[in-house]
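First comes one chain, alone, set out as structure tokens in the form predicted alone.
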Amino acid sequence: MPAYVVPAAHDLFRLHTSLRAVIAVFALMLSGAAAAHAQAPAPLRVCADPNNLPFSNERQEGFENKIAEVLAAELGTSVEYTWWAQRRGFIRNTLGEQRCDVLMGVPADLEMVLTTQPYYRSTYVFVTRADRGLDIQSLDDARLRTLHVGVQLIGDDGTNTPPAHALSRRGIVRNVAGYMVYGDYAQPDPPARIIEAVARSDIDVALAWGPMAAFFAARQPVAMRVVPIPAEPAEARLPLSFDIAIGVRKGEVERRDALDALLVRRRSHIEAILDQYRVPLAAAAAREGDPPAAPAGAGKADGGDGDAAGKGT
């Protein structure tokens, strides 16, 4: 879910201490009782999925792996991972059991954890073969009623994603196939199956989370087109773009604030990583009192409308 112009976090960073002081506090928190005598800061303990590219994997090849490394480097330490498949109970069994302290890449409004300010915002996208020339730009495109459409399903119970709901509300159901986000975990990169299905012409178009879709579209043997699904007034209660943040345990305000400081400090590095992984970025969500927002998918996300094949990281 993906992706997803990076929201400015600095305007929310109002700590009155210097960054150096904040980092020192964070290091002390991580090291616990040993901090009193330890010279080196404790590792940045991250909970992550070992088989979930482009976000993370055990070989630390995902962009969330890279961002965690940037944050750890700022602390003068390294990343220590607790690997756990992102299935039901992931947060309870990792963060909840104190096995690790940080969840990279969670929705900014995730209620189960305390979240930082968003460090990017992405969106769902349309993915098609470039040689088909479909150029679908809207959920209201009449061709979606007859084409073979693929959508992502989430979780063990096959929960529908926002695009699946949007199609269903338009009566587009019979020509839609579901692809589990988690898929066959025995295979590498389970989320890639829906994009591979488009490349093989098993389906005509996939409606998928942007960061994942753009990453795997660039790795298919044929040219692929990735186009952000625009926000539409009719879908105001069903958002297609999401702010993404870092999660920590509820109540750990100092840890959260320290991470916010690091995100501000290393913002340019994080943006470079997101660009390297072709994460489609969406415009920041409008806030009360803001002027009218740019269309979702503006800016970088528009760059996905083209030949993505062979342009990997």
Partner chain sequence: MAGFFGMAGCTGPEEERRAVAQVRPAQTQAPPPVPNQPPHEEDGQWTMPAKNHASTRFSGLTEINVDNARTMRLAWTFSTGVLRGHEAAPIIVGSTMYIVTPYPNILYALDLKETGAPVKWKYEPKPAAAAQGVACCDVVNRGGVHDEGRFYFNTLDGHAVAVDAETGAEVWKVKLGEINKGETITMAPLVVNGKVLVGNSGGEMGVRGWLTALRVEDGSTAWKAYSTGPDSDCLIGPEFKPFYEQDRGRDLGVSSWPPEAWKTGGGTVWGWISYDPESNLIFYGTANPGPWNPDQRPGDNKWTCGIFARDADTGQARWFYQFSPHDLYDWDGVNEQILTELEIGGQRRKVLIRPERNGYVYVMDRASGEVLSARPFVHNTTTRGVDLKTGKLIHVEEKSTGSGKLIRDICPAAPGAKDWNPSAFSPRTGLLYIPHNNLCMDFEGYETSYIAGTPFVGANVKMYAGPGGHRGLLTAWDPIEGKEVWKIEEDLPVWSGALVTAGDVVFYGTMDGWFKAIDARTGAALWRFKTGSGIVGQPVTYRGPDGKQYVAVLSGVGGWAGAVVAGDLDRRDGSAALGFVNAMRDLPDKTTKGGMLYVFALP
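Numbering follows the first chain given and starts at 1. Because the structure is predicted, anything quoted here is derived from the model rather than measured.
If you look for the form predicted in complex with its partner chain, you will not find it shown, but the lines that follow are about it.
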Given 109 to 117, 132 to 140, 216 to 224, 196 to 204, the stretch touching its partner chain in the predicted bound form at heavy atoms within 4.5 Å is 109 to 117
Spell out, yes or no, whether the shortest heavy atom distance between T94 and its partner chain in the predicted bound form is within 4.5 Å.
no
Classify V176 as contacting or not contacting its partner chain in the predicted bound form by the rule of any non-hydrogen atom within 4.5 angstroms, answering yes or no. yes
Using a 4.5 Å heavy atom cut-off, state whether P230 contacts its partner chain in the predicted bound form.
-> no
Quiz item: Applying a 4.5 Å heavy atom distance criterion, does Q86 contact its partner chain in the predicted bound form?
Solution: yes
Residue within 4.5 Å of its partner chain in the predicted bound form by heavy atom, from V79, L75, L144, V181, is V181
Since the partner isn't included here, can you check whether its partner chain sits close to all of A48, G62 and Y277 in the predicted bound form (heavy atom within 4.5 Å for each)? no
Contact check, 250 to 277 vs its partner chain in the predicted bound form, heavy atom within 4.5 Å, ordered by sequence, gives K250
